[in-house]
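Just so you know, structure 1 and structure 2 below are the same protein chain in two forms, each on its own as structure tokens.
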Structure 1
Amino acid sequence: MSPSAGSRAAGAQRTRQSLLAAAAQVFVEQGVQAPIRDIAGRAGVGLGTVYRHFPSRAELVVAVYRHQVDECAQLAADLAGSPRPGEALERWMDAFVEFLVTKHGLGAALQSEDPGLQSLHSLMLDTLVPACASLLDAAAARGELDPDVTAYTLMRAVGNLCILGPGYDREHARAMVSRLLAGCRTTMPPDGPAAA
């Protein structure tokens, strides 16, 4: 449009990045339900600016996590053809855990019943579940995983295991996820959960 539209747009883009960074920080400290005002303050912008860029809280949450979700999905694609699918799955899970654990509050957000946050669920589901499923399938095809294990359920469980707290930090989460994966390698007894 006008000659200066470019620099204005650039400024807006910078503001948007500030907001994403600020929101990421605040989400870690206070969770995804943190007051919008706090995010605005952290980013050094006005309240209205947050709403301009992200009309709803959910959009902000999604934007904050989208990049890393995409990276995670890409990693799955890269590991897809691995000759050792079991190992590939482990490596991917490491990355997934790292993502979840870094983003304090995401676990809780994933479990939120806020209908506006369904888009976050969708984001995870649409991108990560298929990504994870491909790795699970490959591992199952080699007999390195119980074929009854479902990508969605497993990711949900891993997501939960990554909700940290006092006395339960990143390393504990990693250990528990490792053991859960180990438990997914062997078929469960018939009276057990056939459709995990």
Structure 2
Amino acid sequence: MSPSAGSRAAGAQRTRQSLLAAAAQVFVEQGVQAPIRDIAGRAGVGLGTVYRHFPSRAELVVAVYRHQVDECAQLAADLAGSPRPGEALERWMDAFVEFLVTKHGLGAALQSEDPGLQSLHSLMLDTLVPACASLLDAAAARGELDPDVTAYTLMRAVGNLCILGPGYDREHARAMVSRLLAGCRTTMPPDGPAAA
């Protein structure tokens, strides 16, 4: 590869990263249906540059969230093996809630009929459900969590609790998820029933 080709590739990568950062910020502020021109303006590029890197809105949405989904999955891996798996699950759920409540329009994108957005739904299921399951299994094995709680069901419930609206904000969602997790805990101490 010639030096000029290498610098062009590096420049294209920087532009792509700038677009992803700008899109992430605009999505937080306006939702995933924000005008592409707002993303281009935030990144300091023209519309053509956005479409050259991301030919469709769906591709841009998936690219923005892919990185954040991967970070959430990595956190689960980092928390695996914690001596307190119930607390590890709570920390991961805090991060998952933060991911959900800052993604205005993510729920609509996940339920969209747009075939380009179907990969986002698959990405979240294929990546985050196993990540959550590993933490749930560890907590259940230590007797800290009801073993009948499944990752998919818990994540759906958390997702529903994270739909913000008038009079229901991020802190309300966090409080309700905390209550949900409290309800998933076992009532028996981890060491078994107390001797009578």
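By rigid core we mean the largest C-alpha set that fits within 1.5 Å across both forms. Everything quoted here is computed from the prediction, not taken from an experiment. Sequence positions of structure 1, starting at 1, serve as the residue numbers.
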Q. Pick one: which is the form predicted together with the DNA?
A. 1
Q.
I want to check residue 61: does it shift between structure 1 and structure 2 by 2 Å or more at the Cα, with the core superposed?
A. yes
(Q) Superposed on the rigid core, does the Cα of residue 38 end up 2 angstroms or more away between structure 1 and structure 2? (A) yes
Q.
Rigid core superposed, CA of residue 25 - does it shift 2 Å or more between structure 1 and structure 2?
A. yes
